[in-house]
Structure formats: structure tokens, C-alpha cells
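Here we start with a single chain on its own, the form predicted on its own, put down as C-alpha cells.
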Amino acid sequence: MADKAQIQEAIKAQGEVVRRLKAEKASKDQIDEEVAKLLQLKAQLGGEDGKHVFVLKTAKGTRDYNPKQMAIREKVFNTIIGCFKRHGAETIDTPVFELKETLTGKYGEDSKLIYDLKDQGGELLSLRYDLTVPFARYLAMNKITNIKRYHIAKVYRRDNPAMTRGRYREFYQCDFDIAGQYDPMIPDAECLKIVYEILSELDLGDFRIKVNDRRILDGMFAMCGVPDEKFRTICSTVDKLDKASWEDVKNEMVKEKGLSEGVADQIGEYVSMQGGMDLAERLLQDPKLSQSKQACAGLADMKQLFSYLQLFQVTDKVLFDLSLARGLDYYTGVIYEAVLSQMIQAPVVAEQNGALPGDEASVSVGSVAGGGRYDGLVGMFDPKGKKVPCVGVSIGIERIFSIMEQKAELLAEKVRTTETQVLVASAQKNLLEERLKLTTELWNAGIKAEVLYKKNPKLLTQLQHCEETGIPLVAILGEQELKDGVVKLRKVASREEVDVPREELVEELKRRTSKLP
């Protein structure tokens, strides 16, 4: 370990780095990274008594969630789970880590982001990268050929994420999948309907669901002259079109992936096309694409998909987009991605970073859902290569959380972090036992109740607690109420009070709380 003087010099130099970045208004992620290095150096010095000083920070790409954030998350989860259940899904769970070989070779160029763990008793393990590959392993291992399931759990990616845009190393995924042999495009259309319902219900602003088909892409690549062995890597490059310009994407195809400019230009003509069922019909007549059997099969399915989407009443939000590629290797057919079609605007209600009330503030976000058909993945795990056709969708839950949190902040929304329906309070001293008795009665009746942990709290303190935490009702006990066999029920918002007979209190509370939002 370096001596104290060297560490102090290093601290001084690192402090200069942090100050310079702040003066240059560098990104928050960059500043946080350098501040973390500074804290680690300071920890090496130890405290005044020479003891080790802990660096109090979360690991890179992770975060803590406070009660307000968790309340928003629970609301979003409830909306999503409600939709999944409405469509008949059951739920499963799988381990947070898998055998490394289970995950290897399933994610294309993103495989480098898998978190590998140290050898654990002879097993090479990795943290799960998504919920789809573990689901396919689960189906093959348990010989399941039909299931409609949802799974909500954390996944891990060894990325350098932009946390300000809802990207992390540890994050939740919300997946809905339909496995089984069914007639074409019916399950696929239902997955798109689910995305439509969830994004509409969450009220995130206008959105579009882009759809394409891997077979159309592969047929297009073949007809344009892309070598077979480069299909997947070119697919990963095309997938960057939502974040990069065509010139940058073309540059990568030609200079890094070795395509000729002529081939790249032909691809460019196709990936600029967008439309609906009409585009599928037009491409079926295209001189080049019509020569590809797999492209024609994909286009025929696209036409069928749009006919079902019309019945599901979602075509106003769905766009057939030939630039959509989705870089994961396991997709075999229809692919889709939902994006917010505009920045979410919210009025600034207080001065923030020099902004004035009345100004508009933007909440920036990318794709908020994605998925597709992966008919070959289960067969990779089955000893006999038996295939189980699958289609699914993953909701980009962390990005949705980021939007909801920023909206709540920008609009200064008051978010309730508990569900307490009534506070049991006292108007005089020495009534703790009576408060505890009544609270127990309410708990036993299934009513969400609280009591302050003080023997003799002031009534004003108890009422203020209700206002601060959003508790709508107060059940007040006093000496006179006890003599009369009643409880004074107070509505916090309007301050209306009414005496309720003790034996009728539970029913009265149930009646009132059933009407609360």
C-alpha cells in the first residue's frame, strides 16, 4: 500500500480532476465516476483513529429507491401485471444466475455484456442477461410445450450505462411470452395489443409500435449481396439506426464490417421504408425481395398480422418499419419495438437550474418495449433439438420509471408512500391502551391502520401526521367518547367530524374506504 504522503498527493490530483469536470459541465455519469475514485482514495487514508472509512455509494450502474420512487414503481407494476393477468398469463421465476454455457452465444455482439462469476465449486456461472433465455431453458428442461407466462425480475448487464436515461447494470424486466404451436400471427398480434394497452394506461404520451420481420431483413440482405456469415453482424449495425444517422451506420457497415458501398446503399434504400399493410403488399411485388422465399413468407405474415391488429383496434399506433432490426441473435420472425413518438413535456413549477415557472421541461427517453418471435431458442437446449415456437414482449420498465419519476417531480405531484386508511388518535392523555385496543380491532378486520408510537401525543401532532402522509381518516378517542361508546371519525381533507358507535366503526370505515381512490 502506498504511504500516506503519496495517497494525499493522489487525493489532491483527483480533486483537481473533479473540479475541472464540474467547471466544464461534464456529464453527471462522468463526474460521479471521478468522485467515486476520489472517495476510494480518501478511504485508504482512514479516519482520524486510523480505522478504515467505508465508501458510502452504490455500485456503478445501480441505485437505491426511496419510498416515493417505490410507490411510483408499485403503481406501474400493478398496471402491467393487471394487463398480463387480463390476457390469461401465469407467472414463473428462475434463478438469478445460470450456467455460463446456457447464456453463451444467444445475444450476438451483446454477449460481451454478460456478467461472468468466479468458478463456484466447479460450475462456471453468469448472471442472467435477460428473462428470455432462462425461460427457454426452463421450457426445455421441464418438457413444456404450451404456456402463456409473465415474469418480472432483475437482470444484469456489464454495460457503461447512461443512468440519467433509465439505463443501469442491474434493472428489472417485465416479460410476457406465449409458447406453443398455434396458427400464424394470432399470439404475435396479442403481444402487440398488450404493449398498446400498457402504454395507453400508463399515459406516457403518444407512442408508436414499430414492427418488422427477421425473414424480411435476411431476404433483403441476401438480395442486396450481403454474405450469409455477415447477416447477424449487419443486423446489429442496422439496429443502431434509432440512435445514429444513416451515414454513421453505413460507415460502420463499410469500414468496420467490410461491405461494399454499393451493397450498403441498396440496404439504405430499403431501411428508409415505412408504412402498414400497404407496404407489405407493395414489397411482395418488389423485383428483388419477391425472389426471396423467406422475405415473401415474412411479408405474407406481416399482412396477416395487420389484419388481426385491425380487429384488435391498434393499427393507429403500429408502423411497419424496415429499419427495425433488434440485434439479439435468437429472433426468427416478427420483431417489434415501442418508442415514444415525442419528448414528454411538463411545465416547470419551480425554479430549477435557472428555469422559470411556465417554462417547458423535457423528459428524454428511448425505446420503452420490445420483443419478437424466437422459434429456435428452446430447441438449442432440448437434447433432441425439439422446437417450441415462442413469441414475447419485454416492457422497458426502468425507462418507464424514469419518465414517471421525472413527471411527478416536474409537476410537483404528491405521491403517497403508504396505504394507511385511518390513524387511531387520542384527544387526551393516558389513552394509549385504548388506542392500541382499537387499532388491533381494525387490523383484525383487515383495515389499514396506524397509531403514533407515543404514550401521550398531542392531537395536533397526530392530525399533522395525517396531512403529511396523506392518511384520509382519523378515529379519535377521548374520555367522553369512551363513556358514550362512540368514536369520533374525522375526514382529514374537509375536517368534517361525526360520532360513530364503536360496534359500527369497522363497517363505516369499510364503507368510506371503498370509495377512496
Partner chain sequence: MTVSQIDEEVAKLLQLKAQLGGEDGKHVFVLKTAKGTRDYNPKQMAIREKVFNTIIGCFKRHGAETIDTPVFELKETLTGKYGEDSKLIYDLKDQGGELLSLRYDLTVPFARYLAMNKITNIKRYHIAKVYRRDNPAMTRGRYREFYQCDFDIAGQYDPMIPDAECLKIVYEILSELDLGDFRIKVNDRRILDGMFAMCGVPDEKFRTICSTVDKLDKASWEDVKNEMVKEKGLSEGVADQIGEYVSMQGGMDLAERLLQDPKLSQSKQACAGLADMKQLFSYLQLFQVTDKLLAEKVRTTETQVLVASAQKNLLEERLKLTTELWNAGIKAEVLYKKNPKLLTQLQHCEETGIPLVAILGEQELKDGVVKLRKVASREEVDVPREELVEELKRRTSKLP
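In this text the structure is predicted, and so the values were computed from the model without any measurement. The term rigid core refers to the most C-alpha atoms you can superpose between the two forms while keeping them within 1.5 Å. Residue numbers count along the first chain shown, from 1.
The form predicted in complex with its partner chain exists for this protein as well; it is not shown, and the discussion that follows is about that form.
Proximity to its partner chain in the predicted complex, defined as a heavy atom within 4.5 Å, singles out one entry of K483, K491, K28, K455, which is K455. The single contact residue among M273, V254, L202, I114, judged by any heavy atom lying within 4.5 Å of its partner chain in the predicted complex, is I114. In the predicted complex, its partner chain sits beyond 4.5 Å of every heavy atom of Q464. Its partner chain is not drawn, but in the predicted complex it has a heavy atom within 4.5 Å of T94. Under a 4.5 angstroms non-hydrogen atom cutoff, its partner chain in the predicted complex lacks F231 among its neighbouring residues. Contact between G333 and its partner chain in the predicted complex is not found at the 4.5 Å heavy atom cutoff.
The stretch in contact with its partner chain in the predicted complex, judged by heavy atoms within 4.5 Å, is 182-190, chosen from 397-405, 276-284, 223-231, 182-190. Along 380-395, residues M380, F381, D382, P383, G385 each place a heavy atom within 4.5 Å of its partner chain in the predicted complex. Comparing the forms between this form and the one not shown on their rigid core, the Cα displacement of D116 reaches 2 Å or more.
Core-superposed comparison between this form and the one not shown: the C-alpha position of N456 differs by less than 2 Å.
The Cα position of L489 differs by less than 2 Å between this form and the one not shown after fitting on the rigid core.
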